[in-house]
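Below sits a lone chain in structure tokens, taken as the form predicted on its own.
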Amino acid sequence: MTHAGPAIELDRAGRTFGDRVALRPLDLAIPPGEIFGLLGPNGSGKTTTLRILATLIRPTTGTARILGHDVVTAAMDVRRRVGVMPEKPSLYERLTVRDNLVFWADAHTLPDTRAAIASALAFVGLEARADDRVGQLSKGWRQRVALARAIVHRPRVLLLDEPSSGLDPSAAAAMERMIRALVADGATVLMNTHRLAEAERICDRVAILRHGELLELGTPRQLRARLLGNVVNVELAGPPTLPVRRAVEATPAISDVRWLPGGFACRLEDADRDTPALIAGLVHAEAQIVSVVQAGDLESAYLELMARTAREDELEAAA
């Protein structure tokens, strides 16, 4: 039966360990088919969130659900529907790749273990290494084994903790492609990552946590706009002509125009809403547009947020 609501849902879910707050009450609703990223420094609550959803620890406040199943009262139903890839997957290094998957497939009591393992091996490109001992593989290949183990039972929700940790650029790119392929096949992904460029490329939305508290939530573009301002850089094939300048100045909701030899930078009230009107005006003025790019990136937005909150903490401590 298809679940009509969010694939992943946290309703005021929080966790404490004694006097230490690991995760303050958190509300999240992640629809099916989304790649959602959790960002934040170490100790921000990212892994705690994944461990709650994976039924490894219970929330001390609120509730959490996977495909409508409560992680506490219906833990076994949740485990059948999720695939978990920890940052340190603890593979059986003395066993072969195939035997690692056999162990996991048997734990899920799959009706056709052989076919499930063959499908997982093919997906991660490990058919030729299936009989190699895991301990003999490189970091990148072990990450593929960990992903194959997480998907052998064809889960509809995947919880990935730093899936590209320690990988070289080519191996990290391969991991991104596999994650996208899983979502294209119907999965929903929640992933922790410190790779902000990766999050910007692959995640539909992200949440930024700090000290167990949610600071920001939205698409990478929305976070850039909120934290860095709606600045847009426009590159032209030549110097801005008088008609181009007039078209820009006549664009509603534009301000702080800075003219450059090969284009201009400006601030819009809302980059998503106002950029199409700006481009239409430029096209009407026969501007030769090379690119229109929102200024900054997710990493810059993240660092700005961390700096702001650090300043706020200092002012609060001094008060």
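Please read these numbers as outputs of a predicted model, since none were measured by experiment. Start at 1 and count along the sequence shown; that's the residue number.
As for the form predicted together with a small molecule, it is not shown, yet the points below apply to it.
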- [ ] Could you tell me which stretch in 251-259, 36-44, 62-70, 281-289 has residues with non-hydrogen atoms within 4.5 Å of the small molecule in the predicted bound form?
- [x] 36-44
Task: One residue of Glu216, Asp132, Glu87, Glu213 in contact with the small molecule, assessed in the predicted bound form (non-hydrogen atom, 4.5 angstroms) - done: Glu87
Task: Of Glu162, Glu176, Asp99, Asp204, the one that lies within 4.5 Å of the small molecule in the predicted bound form (heavy atoms) - done: Glu162
Open item on the list: in the predicted bound form, does Arg12 come within 4.5 Å of the small molecule, counting heavy atoms only?
Closed with: no
TODO: Answer for Ala22 alone: is it within 4.5 Å of the small molecule in the predicted bound form, judged on heavy atom distances?
DONE: yes
Task: Partner proximity in the predicted bound form: Arg79 to the small molecule, non-hydrogen atom cutoff 4.5 Å - done: no
Open item on the list: I'd like to know whether Thr48 contacts the small molecule in the predicted bound form, with contact meaning heavy atoms within 4.5 angstroms.
Closed with: yes
